[in-house]
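A single chain comes next, written as structure tokens; it is the form predicted on its own.
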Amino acid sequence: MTEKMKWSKLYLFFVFILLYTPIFYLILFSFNEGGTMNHFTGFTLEHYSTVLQDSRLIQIVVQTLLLALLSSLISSIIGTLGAIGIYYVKNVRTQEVLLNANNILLVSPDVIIGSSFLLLFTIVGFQLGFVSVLLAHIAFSIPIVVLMVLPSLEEINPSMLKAAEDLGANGFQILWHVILPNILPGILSGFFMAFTYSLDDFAVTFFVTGNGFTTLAVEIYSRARRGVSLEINALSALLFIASLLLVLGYYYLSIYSRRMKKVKRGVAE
């Protein structure tokens, strides 16, 4: 092992320690019997029990999950079709313009996106609530899906499409039986990315949410402003565990997709 590799691993270890130490500190004090984050006085599950008995909080969790599922599903459909449209544009300059337009949306600050949607909904007289948040989440998730699907499109062998055309397949049949199965890993990646972004988003949601609807991110922020409460620690710990399970599920799904690709290649050969 070279000296450069040793320093790179040490640097990576330091970065992970820096990132995860506050999270583990937060989780540790979610079990604190003392009720503060100053001193750990004893182990208790009282704060988790309080969170699970909070009917309003459970309703917000359900609303947040429903919002994330719907926005990621709709954005995956629109983003996949958009990526296919961009990839198969014949004019190279037009394709570059579309890609740059998609990338601009990716790097745009959430505050700008949120305030823009707030102005739009205010101008057209659209009532703020679940639907307004859903539309905003779909909007910022579509570029993410496009970015995840495009690399999968580049891996498709053009001879497969020509073979399907020679066998008499129409455009829809080629899309359904050839293109979509081959880009499924990219679609799933885009779906999971959109799902996690929707769960995590605060800035955009804060602008476009109404009085009758809120998400976990906004709720945690509003509770944290009232003062430090270990219920927030318990809720954050549960969210961290849920995110970890989601990442593990995506990891094993990716492994399964790669194995299926290898099997298909072996059969084709």
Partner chain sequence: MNKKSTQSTMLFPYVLWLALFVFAPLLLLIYQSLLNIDGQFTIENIVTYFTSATYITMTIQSFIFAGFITAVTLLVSYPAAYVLTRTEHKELWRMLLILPTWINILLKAYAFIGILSQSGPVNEFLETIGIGHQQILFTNFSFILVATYIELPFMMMPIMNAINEIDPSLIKASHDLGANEWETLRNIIIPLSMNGVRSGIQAVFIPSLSLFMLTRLIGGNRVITLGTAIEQHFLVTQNWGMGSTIGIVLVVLMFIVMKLTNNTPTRKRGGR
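Positions refer to the first chain, counted from 1. None of the values given here were measured: they were computed from a predicted structure.
There is another form of the same protein, the form predicted together with its partner chain; it is not shown, and what comes next is about it.
- Its partner chain in the model of the complex is not approached by residue 30, whose heavy atoms all lie more than 4.5 angstroms from it.
- In the model of the complex, its partner chain sits within 4.5 Å of a heavy atom of residue 246.
- Interface membership of residue 146, defined by any non-hydrogen atom within 4.5 Å of its partner chain in the model of the complex, is confirmed.
- When contacts are judged by a 4.5 Å heavy atom cut-off, residue 59 does not count as touching its partner chain in the model of the complex.
- If you check its partner chain in the model of the complex, you find a heavy atom from every one of 26, 85 and 100 within 4.5 Å.
- Of the residues in 105-144, those that come within 4.5 Å of its partner chain in the model of the complex through at least one heavy atom are, in sequence order, 105, 107, 108, 109, 110, 111, 112, 115, 116, 117, 118, 119, 120, 121, 122, 123, 135, 139, 142, 143.
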